[in-house]
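The chain that follows stands alone, in the form predicted alone, written as structure tokens.
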């Protein structure tokens, strides 16, 4: 079925509000329920993509909690925390790690209006010592009760929505695509609109076709592929 113009406009409206300078890095957070809930929060806030370092032999999986959000927020898998932390720092991100320590500060005292990455570990053991040493600032979410921490998906949502609140107050939430790198915008929009065609183009090593103003593909495709659009 061809993409309806109103669906195309909805995809553009969502992409126009995405923020490439806000992300999360999850270390050994492998439970499908937690991963699904975290990606759902990322989508709700406007995160462009997230990152995960899984236990060896584990692969990220999702359940119905995600509500399909994994289609809209790619979860980039990495084999080593130090490597992805280095990549994020090279891109100008400041990393905030959830870690209960003497150096940790109340998350509400931090400025999340610049490029921000929240680093969270599994509930059972938290962040690894090497990752804790690499983050720029340890943060905590103050607790009033007997327990010392929130569920990791709840903690992620709390931090992301605080970042969104700060950016809204500062007038920094994108509305016209300025939060997405210009060189990536058209490709992401095409992948959202035509995921099967995008996969075929990648397998053929060819660029994505252009889209017209209503979201229709502007060139002829193989008949078998057109039937899947």
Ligand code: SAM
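Just so we're on the same page, rigid core means the largest C-alpha set that superposes within 1.5 Å between forms. Residue numbers count along the first chain shown, from 1. On a predicted model such as this, the values are computed, not experimentally measured, just so you know.
Another form, the form predicted together with S-adenosylmethionine (SAM), is not on view; read the next lines as being about it.
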Response to the item:
In this chain shown alone, the residue from 152, 88, 110, 135 with a heavy atom within 4.5 Å of S-adenosylmethionine (SAM) in the predicted complex is 152
Worksheet item: Of the options 139, 117, 157, 75, which one has a non-hydrogen atom that comes within 4.5 Å of S-adenosylmethionine (SAM) in the predicted complex?
Response: 139
Discussion item. If we define contact as a non-hydrogen atom of the residue within 4.5 angstroms of the partner, is residue 82 a contact of S-adenosylmethionine (SAM) in the predicted complex?
Written reply: no
Discussion item. Residue-level question: is residue 103 within 4.5 Å of S-adenosylmethionine (SAM) in the predicted complex, judged on heavy atoms?
Written reply: no
Discussion item. At 4.5 Å between heavy atoms, is residue 127 in contact with S-adenosylmethionine (SAM) in the predicted complex?
Written reply: yes
Worksheet item: Would S-adenosylmethionine (SAM) in the predicted complex be within 4.5 angstroms of a non-hydrogen atom of every residue among 16, 48 and 69?
Response: no
Worksheet, complete the sentence: Contact check, 201-217 vs S-adenosylmethionine (SAM) in the predicted complex, heavy atom within 4.5 Å, ordered by sequence, gives none
Worksheet item: Does residue 101 move its CA by 2 angstroms or more between the shown form and the other one when the core is aligned?
Response: yes
